[in-house]
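One chain is shown next in structure tokens, namely the form predicted alone.
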């Protein structure tokens, strides 16, 4: 190590600054450039409407039921989808912790949908669950129903799309958290006579719960920002008119950039509120150490 480097380290140490904190500079610049600045810029634009004062865009959004209801519509889609993905990922990831033949192939099959993209997923849903899709053809052939079951261009089309694209993400996260839990804890409980149900609910699940909360938050953010699916396999002017569509229409249909920014800020605020509630519950429900699945 050269003398100038040592001198710099000594000067930083004298001022109470850990030199290793400099490693955070690139990440800090990245976050500021791609998150903090756009967020602040969006707030500034939302406070500069063409008329009506600084808060006119927000008053317009919340006073119009057609715009305001997009919040509840988006939550009604995103919350169940995120919860389903997390709950479905837990038993599958739990069974796939150990080593067994075909594990890599099965993991690949479960993760492949994350690479398909929203448009390809929507096309597949239309071909399979649409009025003339394979699913309805089989039902009609088996005389289960006389008319096609409507599973696309409505709430269910968007919900299924979010499940297909969000489950692999939740599965990988849950699997990583489960891998961080010491298996000797379960083995010790087994030697004391605990069955697998007791071991899971009294040992694994409490250690996994913080990781599940984090996974839910991440999958919720992905689902709450739904846009292509709500248009391609949903009802963008009705039951699946989510808040991102409201922001898009304000920006590129009415050219009301202040209104679009206001909708985007409201969208971000709702996401932060839900995440804060989930993480707050996590801190209340979990009082153990940070090791083993807390993540």
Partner chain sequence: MRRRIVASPGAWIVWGLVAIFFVGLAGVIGSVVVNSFGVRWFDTWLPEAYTVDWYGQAWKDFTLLPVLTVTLVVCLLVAVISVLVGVPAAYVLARRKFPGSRLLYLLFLLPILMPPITYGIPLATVLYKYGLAGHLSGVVLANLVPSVPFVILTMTPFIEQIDPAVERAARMCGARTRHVFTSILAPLLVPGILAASILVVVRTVGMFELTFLTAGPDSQTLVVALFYSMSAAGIRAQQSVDAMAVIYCVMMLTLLVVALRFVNPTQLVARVKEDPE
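As the structure is a computational prediction, the values presented were derived from the model and not from experiment. Residue numbers count along the first chain shown, from 1. In this text, the rigid core denotes the largest set of C-alpha atoms whose superposition between the two forms falls within 1.5 Å.
If you look for the form predicted together with the partner chain, you will not find it shown, but the lines that follow are about it.
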Select, from the options 123-131, 198-206, 185-193, 75-83, the stretch whose residues sit within 4.5 angstroms of the partner chain in the predicted bound form by heavy atom distance. 123-131
Candidate spot 144, 149 and 274, all three touching the partner chain in the predicted bound form (heavy atom, 4.5 Å): no
Just checking whether residue 225 would be counted as a contact of the partner chain in the predicted bound form - the rule being heavy atoms within 4.5 angstroms. yes
Under a 4.5 Å heavy atom criterion, is residue 34 part of the interface with the partner chain in the predicted bound form? yes
Is the gap between residue 255 and the partner chain in the predicted bound form 4.5 Å or less for some heavy atom pair? no
Contact label in the predicted bound form: residue 66 to the partner chain, heavy atom within 4.5 Å: no
At 4.5 Å, heavy atom to heavy atom, what parts of 237-274 sit next to the partner chain in the predicted bound form? List them in sequence order, or say none. 244, 247, 248, 251, 252, 257, 260, 264, 267, 268, 271, 272
Using a superposition on the rigid core, decide whether the Cα position of residue 253 changes by 2 angstroms or more between the shown form and the other one. no
I want to check residue 29: does it shift between the shown form and the other one by 2 Å or more at the Cα, with the core superposed? yes
